[in-house]
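Let's start with one chain on its own, the form predicted alone, as structure tokens.
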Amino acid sequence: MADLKVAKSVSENPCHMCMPIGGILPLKGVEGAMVLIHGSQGCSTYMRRTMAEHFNEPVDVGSSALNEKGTVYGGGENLKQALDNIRKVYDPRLIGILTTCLAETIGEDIERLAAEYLAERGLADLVIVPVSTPGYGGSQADGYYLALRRIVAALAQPTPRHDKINIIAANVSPADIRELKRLLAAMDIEYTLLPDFADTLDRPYSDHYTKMAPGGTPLDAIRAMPGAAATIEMGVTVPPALSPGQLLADEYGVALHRLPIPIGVAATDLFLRTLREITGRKVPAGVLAERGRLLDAMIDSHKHNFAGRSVIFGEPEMVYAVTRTCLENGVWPTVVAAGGAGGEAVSLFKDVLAASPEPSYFLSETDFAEIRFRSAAAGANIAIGPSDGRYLTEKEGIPLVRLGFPILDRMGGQRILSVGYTGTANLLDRITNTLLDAKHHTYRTRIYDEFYKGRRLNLAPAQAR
């Protein structure tokens, strides 16, 4: 595996989004929670629009609308006015405050401001979770896990031991969240799933619209997480300082199992085996039958997938899971780009890619100009990742399988199912069919160019007559 970096002084379409947009997602998966962005109006509008296009849902995000005056003299009054407005309109039980580059640059102390607000208004029941998320401070993956950690830190309290399992979910789709809940229910396991945006970001149609979508992880369930039998955290690439599971382990002694997102045979096996070892519950026959169907799908599609040379990009945790899945199926990764991955995560990717029989390039803290350059040079013929990779199709003719967050140029990003045996089979079908589609649309041109283009016909005399 080669670890290359093109030296340049600008970033063109970076392979990650900013911290605060990542912080919004887990807050949308908590029951009765509302989000307030402390910064300029434009930042919250951009995040609101991006999430609304991905989930095809109204995504309400408040803003302190920091202006020139607040930037010079401090934005405390803007923040408190915004909190008043949010309480009046939404009546939330929890408000998460996320900062932007502007608020962080002028040094806003949001923890002090939040404490002042609660004291001044005499609010004993409202929970405010301040999370420092400067856009230049990390990626959306960092914002996602940091917000989760701060939610747990704010709510968790000493609790008598109980039999529930804490499941800390990665940034997967609402359809994936529902699939995780189905598997847990099939094994008859009691759990606290955090975050749970299965319904809040993919709510069923209703004649009666409510400003706060029903659903989400109950606050009382989060408060009781310290009493759980164990925590399973989907976050092998997550630094311990951002890990909510690590916080529960360090402060309350809850056993922590850090696993990859259960995509692929090995990762799903590991997830179910860990659940079985913790709870003693058996994996039901129906789920084992799904595993058998996935294996059958892998055998059926291998004759096509062996020709796949993939470029995989996006959030580190999703990229890690998809890279392992590609290796299981012979779609050898040629370029792997995990925006924001650093530290120990780099070693994890290098260890995984060492199993590839063909050369592969790992890129961290990269942009799409570099990904495009490396993908074309490496001969990649399929891309897997969010919509930002559409430029690989437009510029290099590499077809894209859309996966992860955000999906902005297609409908149904919230319904893409990839976890578990059934989700993996769905993902594998999409990869195989994309390879087949590209093959069937290009093979005549390719064969003509390879064998006939530029050559003169030299017919024998008998044939010439």
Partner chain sequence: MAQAVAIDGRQDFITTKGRQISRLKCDDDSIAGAVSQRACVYCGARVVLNPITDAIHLVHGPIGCASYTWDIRGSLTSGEDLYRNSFSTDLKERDIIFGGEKKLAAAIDELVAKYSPKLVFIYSTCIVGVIGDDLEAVAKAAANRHGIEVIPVQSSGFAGNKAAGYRAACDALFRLTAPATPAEAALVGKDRSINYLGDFNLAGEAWIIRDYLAQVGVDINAVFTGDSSYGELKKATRARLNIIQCAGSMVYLAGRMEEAYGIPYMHVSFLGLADTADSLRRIAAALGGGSLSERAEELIARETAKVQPVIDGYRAKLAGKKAAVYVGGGFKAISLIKQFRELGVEVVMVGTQTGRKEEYETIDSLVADGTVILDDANPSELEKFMTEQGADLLVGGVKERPLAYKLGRAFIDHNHDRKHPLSGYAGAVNFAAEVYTTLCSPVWRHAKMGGDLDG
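Quick caveat: nothing in here was measured; it's all calculated off a predicted structure. Residue numbers count along the first chain shown, from 1.
Absent from the display: the form predicted in complex with the partner chain. The rest refers to it.
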Contact residue in the predicted complex, chosen from Asn78, Asn381, Thr192, Gln246 - any heavy atom within 4.5 Å of the partner chain: Asn78
Heavy atom within 4.5 Å of the partner chain in the predicted complex - the one residue of Ala221, Leu348, Val265, Ile86 that qualifies: Ile86
Options 435-443, 36-44, 417-425, 396-404; stretch whose heavy atom lies within 4.5 Å of the partner chain in the predicted complex: 36-44
Contact flag, Ser206 vs the partner chain in the predicted complex, heavy atom cut 4.5 Å: yes
Non-hydrogen atom contact Asp388 with the partner chain in the predicted complex at 4.5 angstroms: yes
Partner proximity in the predicted complex: Gly32 to the partner chain, non-hydrogen atom cutoff 4.5 Å: no
Residue contact check: Cys101 to the partner chain in the predicted complex, 4.5 Å heavy atom: yes
Within 4.5 Å of the partner chain in the predicted complex: residues from 64-101 (heavy atom criterion): Ser64, Ala65, Leu66, Asn67, Glu68, Thr71, Asn78, Gln81, Ala82, Asn85, Ile86, Lys88, Val89, Tyr90, Cys101
